[in-house]
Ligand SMILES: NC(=O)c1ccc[n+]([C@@H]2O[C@H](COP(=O)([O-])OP(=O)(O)OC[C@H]3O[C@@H](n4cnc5c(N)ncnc54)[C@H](OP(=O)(O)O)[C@@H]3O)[C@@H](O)[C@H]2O)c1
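Next up: a single chain in structure tokens, the form predicted alone.
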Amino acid sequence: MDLGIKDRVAIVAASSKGLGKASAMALAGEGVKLTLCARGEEALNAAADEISGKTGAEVFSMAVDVTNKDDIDALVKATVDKFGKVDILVTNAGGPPPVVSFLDVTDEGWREGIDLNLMSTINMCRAVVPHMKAQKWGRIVNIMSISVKQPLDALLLSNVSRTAVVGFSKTISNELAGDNITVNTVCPGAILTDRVKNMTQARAKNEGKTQEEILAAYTDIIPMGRIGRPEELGGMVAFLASEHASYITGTVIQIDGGFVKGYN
């Protein structure tokens, strides 16, 4: 299926690895011009070379801390200077650290979690939306977590800060719909990224088990009986960024193999 987004321009956050990289790869496969960003310059450049080499897409990369508004503004300016526009924004950031009890979280911890997930999304949207409004076309896809639909134990900061993004996204989706700008949120479940590997390693150490045993425990509660692949989320991101998804906005879609038990 031709998604109709060849030569569109996308900014994909946290795209040196994992879900961000998979999303960038899927967009590049559709002929989208890309700006990649992440904090680690070496991994970022390697991802840019890989994506360009595999797809032939034009790829620009820039080291950015998405918790820094000045970095975000510079990223968007550099993208417009290079490509002339911004059509697609994929927001993404690592999750806050696990906590045992909410009483253990300091004010600084709360601020860091909110800055990482909520404020980074807000600031990226503030930077790109004027460009999208001017051209009367835009796609915003936020990569969050199934924790916005089914809170996950020990991930208090993620549960709270990511759910706030859903409220923000739904609200601005209504405001921006008249400008042909869609805003949607995708919620990965257990997908084999570096973050999931690190979390399962930590849990295995705490529980005196092997990582394989922890991963097996995850698959036991997933109806599809397996961990997801990053490219399975990337495909959804590319679809939501496409012309075919022009009447889809304000949604929250899980990619979780059936893990979430609720209807919504």
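Everything numeric in this text was worked out from a predicted model, so none of it was measured. In this text, residue numbers run from 1 along the sequence as written.
Beyond the structure shown, there is the form predicted in complex with the named molecule, which is absent from this document and is the topic of what follows.
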Can you work out which of Glu58, Glu231, Glu213, Asp65 has a heavy atom no more than 4.5 Å from the named molecule in the model of the complex? Asp65
Candidate from Ser145, Ser169, Ser161, Thr121 lying within 4.5 Å of the named molecule in the model of the complex - any heavy atom: Ser145
I'd like to check something about Ala10: if you look in the model of the complex, is any of its heavy atoms closer than or equal to 4.5 Å to a heavy atom of the named molecule? no
Gly113: touches the named molecule in the model of the complex, heavy atom cutoff 4.5 angstroms: no
With heavy atoms only and a cut-off of 4.5 Å, decide whether Gly53 touches the named molecule in the model of the complex. no
Is there a heavy atom of Glu175 no more than 4.5 Å from a heavy atom of the named molecule in the model of the complex? no
I need the one stretch from 185 to 193, 129 to 137, 78 to 86, 98 to 106 whose residues put non-hydrogen atoms within 4.5 angstroms of the named molecule in the model of the complex. 185 to 193
Does any residue in 38 to 65 get within 4.5 Å of the named molecule in the model of the complex, counting heavy atoms only, and if so which ones? Ala38, Arg39, Gly40, Val64, Asp65
